[in-house]
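Just one chain is shown here, as structure tokens, and it is the form predicted on its own.
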């Protein structure tokens, strides 16, 4: 069996490695560097900046280079052929790269996403997240258009570096898809750290160092030495000749079924190119689902339970349903604060909170939302509880080590 994979981000290269481990021949085609957006322009370099007290491009480059080398080593498998270049769909499960043509028993499209922008005057003068990562000096004044995950992470990072930061978010709350309680608490935490955040703000133009916006029918201007456009990402649909190949898609992404199949037999699509949850770990899981279907293997991957984290200071993390998504249900919410946790107080990280949402009649844990130190790590215990349908009664009986931050989760479960 031979599989063609277009795109070497987490979804693409991890699927290639897994396929090879199963004895399947793989042709992995990558137009850009190994690791895709996540490694080169997203998750990893932003986390490198999070760990710094001042931007250090050489350190960031070292981190990326080290991880790229690890992926390259993973791809040095006799069953994997790595092809560098731009892919063009040649019909069915065949692909062209330059004057070469590759055919397989199945084709997986994993070409990711690109930064979105607002249709406003001067939008092209604003920096995207990739350009923001390559700044060699800290701007005195930074204006971030967009209060989602990307915008808030950069706001937090550059406030730590000393920038005067203003965030302009169109929606009534930052992190529009997150639990409102969590989003409001994170906003307050960032404001306490000196970040100015304006919600319900409609940006109308970027004119040099001035960002124009309106709120409640009043016009405002924000002066900035640097403007970041962080209004999300969109599927990288223009990278392929999808119309020629007859693959169904919309501006939201390539249409796929629960097994990641497109409408063309043998052709699959995974990750950001399909829209939905644009997260590296979702792309990897979708790759496993597609590969399993190609191999005739059933799995129990639960795409309704996906943890997500925001690497601000403090961190935010979430899994399962938000309180808003539970509207109409009879639920109970248990809450606990970091300031009541011995490890948090002892380590000087007492700024935090955890909320557990449970179904009142059964006690089944439906969602968990955490704000505080190491929230991105603690959330994975919560993900297991939600995915397995564990009740608060059973979860209370799980012994947690003391003193640990994970006891905050136990305290919230006990309060639910």
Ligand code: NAD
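Numbering follows the first chain given and starts at 1. These numbers were taken from a predicted model, which means no experiment stands behind them.
Same protein, other form: the form predicted together with nicotinamide-adenine-dinucleotide (NAD), not shown, and the subject of what follows.
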{"query": "Contact of residue 145 with nicotinamide-adenine-dinucleotide (NAD) in the model of the complex (heavy atom, 4.5 Å)", "finding": "yes"}
{"query": "Proximity of residue 91 to nicotinamide-adenine-dinucleotide (NAD) in the model of the complex, heavy atoms at 4.5 Å", "finding": "no"}
{"query": "Exercise: residue 232 in contact with nicotinamide-adenine-dinucleotide (NAD) in the model of the complex, heavy atom 4.5 Å", "finding": "yes"}
{"query": "Proximity of residue 177 to nicotinamide-adenine-dinucleotide (NAD) in the model of the complex, heavy atoms at 4.5 Å", "finding": "yes"}
{"query": "nicotinamide-adenine-dinucleotide (NAD): the contacting residue among 278, 264, 344, 326 in the model of the complex [heavy atom, 4.5 Å]", "finding": "278"}
{"query": "In the model of the complex, the residue from 161, 311, 338, 249 that sits within 4.5 Å of nicotinamide-adenine-dinucleotide (NAD) by heavy atoms", "finding": "311"}
{"query": "Partner-facing stretch of 132-140, 283-291, 240-248, 146-154, counted where any non-hydrogen atom is within 4.5 angstroms of nicotinamide-adenine-dinucleotide (NAD) in the model of the complex", "finding": "146-154"}
{"query": "Residues from 312-348 in contact with nicotinamide-adenine-dinucleotide (NAD) (non-hydrogen atom within 4.5 Å) in the model of the complex", "finding": "none"}
